[in-house]
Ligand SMILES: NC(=O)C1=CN([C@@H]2O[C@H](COP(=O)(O)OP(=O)(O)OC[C@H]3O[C@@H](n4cnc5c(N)ncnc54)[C@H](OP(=O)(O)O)[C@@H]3O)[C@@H](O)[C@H]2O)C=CC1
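Take a look at this single chain, the form predicted alone, given in structure tokens.
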């Protein structure tokens, strides 16, 4: 009932929080420069373990939450597998069922010693309803594809099962409308990394407290993800919304999407081993007279930060369901504000 993962190397690896590419400060153009020296790799939130050392150890549950059952829709993908591993380590009950395409139907996926059967589209409603009857404390986690977001939300709402929507993309207005019109509890967030969400929450507070503070400023946005991510970063869109409230004019189609591995390594400094799984975001503000320049950056290597945040969202939602809370639709900022992060 376990799987092997790579342990941390002997050197003390720590995530860094830098708000400037190549430094730890904010650069105010040519007149003032508070930027510190450039590190070897521009890491802001690099939460995955470096791979120079590959000691293996057994994954065992760290805490017990056996009263919470989790079904991960999208277990064939890397993110889905990462969530299952994190949920197993936290002691959640893993429901051995998932859903996929017609081609994936019948596959058996093994994660942490758990055999998970993938069902196709034709029987997903009946299977989900049956499993929910068997596990009334179950919460579904969705890490599928953007095109499936709205249909999946309708399925969860129809069956009545609480869900955590980690998949980005889809029609987000429709997604919220589906959830709000149903009686299900849900956590919906374009970003599940707790530390990145904390930064986003700070941006939202700043936008609320200081509207139009950057009126007239121009904005450049660059986001880099693994080639398999087809949609534009939901995190970037959320941050841009904050900048708009701060007075910046910016269209979403101006976002620079980097999916070329060569550019990611050479231009952005993405570690080669993390090209298949990373999330780099850079935001560059300039004053109208070009003498003030501010850069914000968050870089994530690996998927563990999202997986751990997703498990926290599941535990949070489980409490809301049990307490029959009046509010039903939440995001990761709500999870953070609860103050019970593991």
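Note that the structure is a prediction, hence the values are computed from the model and not measured. Numbering follows the first chain given and starts at 1.
Separately, the form predicted in complex with this ligand exists; it is not shown, and the next lines address it.
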Open item on the list: The chain here is shown without this ligand. Which stretch in 247-255, 262-270, 203-211, 148-156 comes within 4.5 angstroms of it in the predicted complex, by heavy atom distance?
Closed with: 148-156
Task: Within 4.5 Å of this ligand in the predicted complex, all of 76, 191 and 229 (non-hydrogen atom) - done: yes
Open item on the list: Test of understanding: in the predicted complex, would residue 89 fall inside 4.5 Å of this ligand by heavy atoms?
Closed with: no
Task: residue 104, heavy atom within 4.5 angstroms of this ligand in the predicted complex - done: yes
- [ ] Flag residue 168 as yes or no: does it have a non-hydrogen atom within 4.5 angstroms of any non-hydrogen atom of this ligand in the predicted complex?
- [x] yes
Open item on the list: Using a 4.5 angstroms cut-off on non-hydrogen atoms, would residue 143 count as touching this ligand in the predicted complex?
Closed with: yes
Open item on the list: Just to make sure I understand: among 283-311, which residues lie within 4.5 Å of this ligand in the predicted complex, judging by heavy atoms?
Closed with: 303, 306
